[in-house]
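Quick heads-up: it's one chain on its own, the form predicted on its own, in structure tokens.
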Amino acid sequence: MLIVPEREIANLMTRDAAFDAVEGVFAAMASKDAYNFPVIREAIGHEDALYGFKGGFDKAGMTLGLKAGGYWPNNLEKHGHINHQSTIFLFDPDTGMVSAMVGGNLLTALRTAAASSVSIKHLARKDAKVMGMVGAGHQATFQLRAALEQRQFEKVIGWNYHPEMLPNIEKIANEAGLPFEAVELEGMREADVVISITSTFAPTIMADHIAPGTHIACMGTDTKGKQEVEAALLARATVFTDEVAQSISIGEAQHAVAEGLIKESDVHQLGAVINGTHKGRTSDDEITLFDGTGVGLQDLAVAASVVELAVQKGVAIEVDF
């Protein structure tokens, strides 16, 4: 078995490589060459933590495995560790034997950012100029860096529940040579693209906060009960997702479906747009919404890429198992 420790990931995985891996997986899912296993995600009753497993099998890429981990909201304050913790395990699909264990923290951040970035590439208006961020935590910085590579943005605006954290994303905007402005939620109507990356159980973004023609990527809802945007927004938008089954059960669409505002058939795979079997955006006034629930196949794709690079660079640790 090969081990690629967390400390090695930053020197191995790039944003471009994560983007290519995630885009490819979305396309394979829509072509039914890859599928995700049902997600297990539970509140464990200790440290307010959410813990679970995501896995799948990509027959095209011959990648089989799972990610174990979750969210420990007190980690940073109590222990100095980031709140999201995960490890990815890969298995040989021919034998079932474990082949690799890979640190999953940075990979999760990179693949989550890549997912929203892929959605921007395929769904945002070509003339998008203003980038909006709702959320300013650790993951938001990855999201913004990746998003800014997809269009010729001229400005970044942001809002966060804790305004003192907004400098996190202001720094990323400034590094890209862009001005940053803190706004109220109503000010998000100025944005052509919005990424929401929060962990909330009540909607933050209301339908009237989003202007016609906007593309919004909702990246924080991955558990039953969580919600970032008002359900009415999904009724106004054309909705896309990574995995339809997850979107309607643990993703942003769960609430709109439960309220009868949309049906399962109103939620489309982003991979179908990538493959050309769905037309995607059809007008400059259309609101497009990507519900990024996070799928195991994304984790497996970036992990498999990292293992290959680690072997090439001689940093993979081989152990008997």
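Everything quoted here is computed from the prediction, not taken from an experiment. In this text, residue numbers run from 1 along the sequence as written. Just so we're on the same page, rigid core means the largest C-alpha set that superposes within 1.5 Å between forms.
What comes next is about the form predicted together with ligand NAD, which is not displayed.
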Among 139, 199 and 292, does every residue place a heavy atom within 4.5 Å of ligand NAD in the predicted bound form? yes
Does at least one non-hydrogen atom of residue 230 fall within 4.5 angstroms of ligand NAD in the predicted bound form? no
Is it the case that residue 132, even though its partner is missing from this view, gets within 4.5 Å of ligand NAD in the predicted bound form, heavy atoms only? no
Heavy atom to heavy atom, is residue 182 within 4.5 Å of ligand NAD in the predicted bound form? no
Contact of residue 158 with ligand NAD in the predicted bound form (heavy atom, 4.5 Å): no
Note which of 114, 191, 219, 88 lies within 4.5 Å of ligand NAD in the predicted bound form, where distance is taken over heavy atoms; exactly one does. 219
Quick one: of 245, 128, 207, 165, which gets a non-hydrogen atom within 4.5 angstroms of ligand NAD in the predicted bound form? 165
TL;DR on 96-104, 170-178, 139-147, 74-82: the one with heavy atoms within 4.5 Å of ligand NAD in the predicted bound form is 139-147
Does residue 142 move its CA by 2 angstroms or more between this form and the one not shown when the core is aligned? no
Would you say whether residue 50 is displaced between this form and the one not shown, judging by a C-alpha shift of 2 Å or more on the superposed rigid core? yes
Inspect the rigid-core superposition and answer whether the C-alpha of residue 159 shifts by 2 angstroms or more between this form and the one not shown. no
